[in-house]
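Here you get one chain, nothing else, as structure tokens; it is the form predicted alone.
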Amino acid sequence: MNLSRHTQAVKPSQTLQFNKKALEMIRAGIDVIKLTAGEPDFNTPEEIVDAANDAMRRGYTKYTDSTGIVELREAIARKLCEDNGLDFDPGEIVVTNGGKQALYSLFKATINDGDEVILITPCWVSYEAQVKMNGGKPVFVTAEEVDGFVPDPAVIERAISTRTTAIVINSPNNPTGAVYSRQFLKELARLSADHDLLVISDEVYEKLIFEGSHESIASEEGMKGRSAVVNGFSKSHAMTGWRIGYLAAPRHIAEEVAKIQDHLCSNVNTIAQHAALRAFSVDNTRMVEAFRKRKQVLSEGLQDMGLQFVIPRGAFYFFVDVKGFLGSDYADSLELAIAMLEKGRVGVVPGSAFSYEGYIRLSYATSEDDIREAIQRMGRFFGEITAPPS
């Protein structure tokens, strides 16, 4: 029996695999602190839950338009206008099963076999897999720690070939917490115009920003027609399990995505759509401030351990340099992460999951008490590693 060569070319998500392993250990009664998954530990706000209950009571349990209920798409259009200065109309917006499906459907709609898509490393684990599953070829451009993990436009331009069709950016960034500047976006807009590239902008961490402000590439002059913006409610409103995101793109791309959705899933869960509509009027300031405080606690703990990292400006991750601990006891970040989980009882994700060896990602989307305990455990773990030969 034949299997698809596209799916055979990808591996399972390491972030989900490490999170699964940590959860299995916890269920087995093992005391593990989980700094793995990018999932807020807060409950979904009650107003949003109430809106879902109300939708069910009112009979909103049937199919909707495959692109989403018009009220939600109108609300998304208003949000994009007011928050980001973007002029997308509801016909250019598709509501999706989380931001992940928005990205997959964009790749499906825009990639032909052999097309190249530029990815900035370190990058979220699913970009590479999704490009490959749609017959494309990922081309990696490295963002350096010395530059705050903001990529160099000149390096991006050198990676562009005649087969390049798109570039994916993610700001605020997973796993580094980097926030891309207006100057970088202007340079990227120039590259997009010069080389006729689509820019797919993953902005799902937009509301979780601690320094500076979020800027969308689609707001640059001439870029609305060259950009596809992906966002959602999972991170900003603790709605990971609701699986509701959206994309805004030029109409001809949005219509192709809508066609995919027609045949893939009919529509996003109707009740979740009504819940998401309520989310626009829910203030997430309390959650952002809690993350800000946790970031400070973890930052101080990592500094006390002498670990090297770039202060994250957004999202809820630290990307920590562990190259100094590799070579004797552990060959790479994967071996180190496994040992941290099994011996140190702290779950983290290896940098190799993000196509960036020598680092680990720590999520501070957990309680302050857990963060403080994790710091103590990591201190003991790193203190016991045999120093590699100089």
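Just count from 1 along the sequence shown to find any residue number. Just so it is clear, the model here is predicted, and its values are computed rather than measured.
There is another form of this protein, the form predicted together with glutamic acid (GLU), and it is not shown here; the text below is about that form.
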If the cut-off is 4.5 angstroms on heavy atoms, which of these, 319, 124, 88, 107, is the one near glutamic acid (GLU) in the predicted complex? 124
Which residue, 174, 227, 101, 231, has a heavy atom that falls within 4.5 Å of glutamic acid (GLU) in the predicted complex? 174
The stretch from 35 to 43, 62 to 70, 339 to 347, 326 to 334 that lies within 4.5 Å of glutamic acid (GLU) in the predicted complex, judged by heavy atoms, is 35 to 43
Please check if residue 205 has a heavy atom lying within 4.5 Å of any heavy atom of glutamic acid (GLU) in the predicted complex. yes
4.5 Å heavy atom contact, residue 15 to glutamic acid (GLU) in the predicted complex: yes
Near glutamic acid (GLU) in the predicted complex, with a heavy atom at 4.5 Å or closer, the residues from 230 to 260 are 235
